[in-house]
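We begin with a single chain expressed as structure tokens, specifically the form predicted on its own.
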């Protein structure tokens, strides 16, 4: 995948991409190279359920709301960077 194939990240998506890379120790991944519309799990970034738990903790600490493990929307919320950012923006404490 070259740079022109990646959808542009918003400033907030850049912030959350950096948070993902830093909190999950993904040194081999450049935050700017995370396509906001590519899957975070399996074929995309290759994250797993443990990564989701760690990410949930970091998000709750940084943005002041809980991501519930039993939320029926988690598959959609964590489907890609863009949907995760939209969820954070709708829930975070201002």
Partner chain sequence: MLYLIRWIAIHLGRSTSRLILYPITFYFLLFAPSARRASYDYLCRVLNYPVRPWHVARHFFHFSATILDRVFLLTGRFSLLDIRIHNLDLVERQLAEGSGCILLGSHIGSFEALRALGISKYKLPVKVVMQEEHNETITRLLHSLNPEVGKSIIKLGKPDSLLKVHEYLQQGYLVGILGDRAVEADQTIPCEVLGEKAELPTGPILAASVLSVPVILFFGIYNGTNRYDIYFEAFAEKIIIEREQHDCDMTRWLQKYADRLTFHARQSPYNWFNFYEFWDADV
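Bear in mind that the values here come from a model prediction, so they are computed numbers and not experimental data. Numbering follows the first chain given and starts at 1.
What follows is about the form predicted together with the partner chain, which we do not show.
**Student:** Taking heavy atoms and a 4.5 Å cut-off, does residue 61 contact the partner chain in the predicted complex?
**Tutor:** No, no contact at 4.5 Å.
**Student:** Please determine whether residue 56 contacts the partner chain in the predicted complex, using a 4.5 Å cut-off between heavy atoms.
**Tutor:** Output for residue 56 is yes: heavy atoms within 4.5 Å of the partner chain.
**Student:** With heavy atoms only and a cut-off of 4.5 Å, decide whether residue 83 touches the partner chain in the predicted complex.
**Tutor:** Output for residue 83 is no: heavy atoms all beyond 4.5 Å of the partner chain.
**Student:** Is residue 41 close enough to touch the partner chain in the predicted complex, meaning at least one heavy atom pair within 4.5 Å?
**Tutor:** Yes - in the predicted complex, heavy atoms of residue 41 and the partner chain come within 4.5 Å of each other.
**Student:** Heavy atoms within 4.5 Å of the partner chain in the predicted complex is the criterion; list the residues of 35-52 that meet it.
**Tutor:** 41, 42, 49, 50, 52, in sequence order.
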